[in-house]
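Here you get one chain, nothing else, as structure tokens; it is the form predicted alone.
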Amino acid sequence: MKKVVKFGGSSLADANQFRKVAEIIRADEMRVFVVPSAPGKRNSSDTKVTDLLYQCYDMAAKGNDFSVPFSAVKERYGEIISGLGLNLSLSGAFEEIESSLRDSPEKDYTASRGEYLNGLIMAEFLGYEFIDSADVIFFDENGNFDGAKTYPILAERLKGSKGAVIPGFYGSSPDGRVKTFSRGGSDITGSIIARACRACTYENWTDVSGLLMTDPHIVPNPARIESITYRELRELAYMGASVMHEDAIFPVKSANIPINIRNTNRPEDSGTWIVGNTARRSKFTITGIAGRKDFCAITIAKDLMHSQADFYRKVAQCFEENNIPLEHLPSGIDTLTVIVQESKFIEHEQDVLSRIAKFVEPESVEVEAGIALIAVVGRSMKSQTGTAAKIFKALADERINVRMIDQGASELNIIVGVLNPDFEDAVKAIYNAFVN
């Protein structure tokens, strides 16, 4: 049985953190595949190495001198190597990066070097082999992850390995150039490797002891989630909860590999388990609360609209032709409300409204901006009576007006819409109703 362990930037910010990581890896012989991120911040005023590399690229692309941020990058790695007492030189790698920046700067290549260099150091420190992600993780011509090509090659490369470090965040395109995932993509790399080697567990080590029930910037010291299903996490991640990249769920979900979110600085904590299914009940009726601001609600009213078989299709087409994704579609007998992201709607607002008037011929159309959506998620909700009532009572007690209600058929979540200024108070009210 093998485990894949991914460590975030805060876990590898300096030599002391590297030592903690090494102790964690050596404490369990099943932790054989290690996925490092680039060094993160050492303190609140520090700069992440990836951000320094982006600065290098931006300056180089404009033909400007990039020596200041590049020197800062070299200094960070020099401090880590020195602090670990390693006999390792990265001069050749730095020369290649500098040459690329001077001759033909490439954004993805430059950004990926943070993980690449950290991988070299980690492999040397652990005595593991180093596997360049560009040799085993692939993207297609459209820039999407190519699982059909990646999994057989990666699985064969990992077979029989007693210990390997594979940098996160990047792979290669069909033309051989380095291609990165979006920011936070090391989570995806770890998930891909876990699926390729059929790991028993994917451990994702960060600077928190698991997932929290809601945003700690809104609710001080929220409770930790002990276990959560992939579906619950998907709902929360979509609505803004962030500990790991939401696309990292899919590779392990398909192979039913559990994810364990752990704290590098508190390895004794059990963290949060993310699983496919579980008989374990949540400590509370709800599992978590997440939300986002700045949505628009377009309410279309028309008598007998449900008798028109093509009504919904025509409405959706008005948004589709402007490349605006539909977030939610709560409806009444003679009304349909379309919820979309405000930033994507405003630019095409009048075109969408004119199309609705032409193709749907509504009695009226009302547009309301500044809507915040809050998702209350929990697998235990469907077996508990009065969950929705408790949510709405909590909001009513705080005199918060509910602008929209939407509940999925699975009864896994209830989404309420409130005005932007009421967002934080609404989250607090709902959390207190179920937890405190």
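Values in this document were obtained by computation on a predicted structure and should not be read as measured data. All residue numbers are counted from 1 along the displayed sequence.
The protein also exists as the form predicted in complex with aspartic acid (ASP); that form is not presented, and the subsequent description refers to it.
Asks: Given that the partner is absent here, state which listed stretch (23-31, 47-55, 60-68, 363-371) has heavy atoms within 4.5 Å of aspartic acid (ASP) in the predicted complex.
Replies: Selected stretch: 47-55.
Asks: Hey, in the predicted complex, does residue 186 get a heavy atom within 4.5 angstroms of aspartic acid (ASP)?
Replies: Residue 186: yes, in contact with aspartic acid (ASP) in the predicted complex.
Asks: Give a yes or no for residue 202: in the predicted complex, does one of its heavy atoms lie within 4.5 Å of a heavy atom belonging to aspartic acid (ASP)?
Replies: Residue 202: no, not in contact with aspartic acid (ASP) in the predicted complex.
Asks: Tell me, yes or no, whether residue 376 is in contact with aspartic acid (ASP) in the predicted complex, where a contact means a heavy atom of each within 4.5 Å.
Replies: Residue 376 lies outside the contact set for aspartic acid (ASP).
Asks: Counting only non-hydrogen atoms and a 4.5 Å cut-off, give the residues of 143-173 close to aspartic acid (ASP) in the predicted complex.
Replies: Heavy-atom contacts to aspartic acid (ASP) in the predicted complex: only 169.
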